[in-house]
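Starting off, we have a lone chain in the form predicted on its own, written out as structure tokens.
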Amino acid sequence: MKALILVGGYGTRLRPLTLSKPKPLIEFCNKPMILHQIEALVEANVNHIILAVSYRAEMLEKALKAEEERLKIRISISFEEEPLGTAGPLALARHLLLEDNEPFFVLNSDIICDFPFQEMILFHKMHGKEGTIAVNKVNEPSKYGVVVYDNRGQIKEFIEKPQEYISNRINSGLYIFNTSILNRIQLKPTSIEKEVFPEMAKDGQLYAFELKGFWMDVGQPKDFLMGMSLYLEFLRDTQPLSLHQGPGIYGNVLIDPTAKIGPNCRIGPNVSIGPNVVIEEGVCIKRCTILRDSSVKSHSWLDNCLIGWKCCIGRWVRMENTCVLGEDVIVKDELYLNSVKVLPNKSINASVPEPNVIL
């Protein structure tokens, strides 16, 4: 079975981290984002994964070569010379998707969830139509385009940002299609959500599969940190031994074994600490991701932060409200940063009390 992952372009929503790495290779809870998806697909007996890429294809291909060998699967790169939207990449990869007549998965690369791929396959085969969309429940459907379907799951229509309650289910970015969908798509920039799905629904060929577990699009910093919290809660329920426990640890905390934590720290809830990170004495960290090879000096306080690779945060620093540091950023001692994004290879020498982007 095959899967096509829509890797996309520049990852502008997750800058400054995507200035150093393509978004799918950024570590989410100490594993490249795309590897969460690939490993779940392999568990569902997918053996050929196609990456629809338009940016830094060589870096992705090189990084995933080792995973291809480790997982004993085939990974192909389908390179877009120009952005083709969310449907055009299927037409571009048509020759790969038609190597057999089996249904195939399509995923948005930003999605983190409990990936119920095997259940989706069974549901798709049971209804026997052309496509299945995984849908999830949201609290404020007026912010989204909602999916309307009957009690069998057959989708009737899509309604953009309804002002009156019609449905609280939205498209979650996980799909299964029969190869016949390729007859609906031309090799040009096309939106699968706006141009292809409505036609499939009109023909009675599209069904909704309801996700039961957590779900998050982690393509921007605020949602990345929210998704981290949901994923750590999922680990607590399914793999509790993977989380860290001990003095100074509060709630769900994931710490790489090579990280070093000093005495009298308060870590958590909802913290992910990567390889070779050094946390000195008396540091307080909550709702943060700290990536590989970074350090936090003594008595600093971090809340809702995304710290890139090889950063150094000085002593008695306070950072909060979705601060994002790119790679190799230095924050000097005793500074305050509030909702600040800092591009790679910068040194911050003064406090930034108002939301800002430091170029």
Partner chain sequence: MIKAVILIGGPQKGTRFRPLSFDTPKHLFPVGGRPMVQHLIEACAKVDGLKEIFLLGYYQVDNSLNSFIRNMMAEYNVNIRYLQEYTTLGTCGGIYHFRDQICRHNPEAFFLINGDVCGDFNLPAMLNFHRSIPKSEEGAMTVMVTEATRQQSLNYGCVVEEKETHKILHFVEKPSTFVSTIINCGVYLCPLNIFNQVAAVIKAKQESNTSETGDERYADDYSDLNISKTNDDLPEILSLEEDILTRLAGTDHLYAFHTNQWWCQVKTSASAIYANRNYLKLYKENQSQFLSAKSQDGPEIIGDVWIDSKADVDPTATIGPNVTIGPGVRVGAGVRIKESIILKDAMIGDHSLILHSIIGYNTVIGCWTRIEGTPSDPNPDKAFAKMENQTLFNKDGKLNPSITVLGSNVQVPSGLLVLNSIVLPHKELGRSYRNEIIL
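These numbers come from a predicted model, not from an experiment. Numbering follows the first chain given and starts at 1.
In what follows, reference is made to the form predicted in complex with its partner chain, a form of this protein that is not presented.
Here is the short version: of K310, H36, H48, H299, the single residue with a heavy atom within 4.5 Å of its partner chain in the model of the complex is H299.
The contact with its partner chain in the model of the complex, taken as any heavy atom within 4.5 Å, belongs to C284 out of L71, L182, C284, M226. Under a 4.5 angstroms non-hydrogen atom cutoff, its partner chain in the model of the complex lacks Y55 among its neighbouring residues. Its partner chain in the model of the complex comes within 4.5 Å of a heavy atom belonging to R266. Contact annotation: N345 falls outside 4.5 Å of its partner chain in the model of the complex, judged by heavy atom distances. Taking non-hydrogen atoms only, R292 never approaches its partner chain to within 4.5 angstroms in the model of the complex. Within 4.5 Å of its partner chain in the model of the complex, a heavy atom is found for all three of E320, L335 and S351.
Annotated contact segment (heavy atom within 4.5 Å of its partner chain in the model of the complex): 327-335, selected among 40-48, 25-33, 62-70, 327-335.
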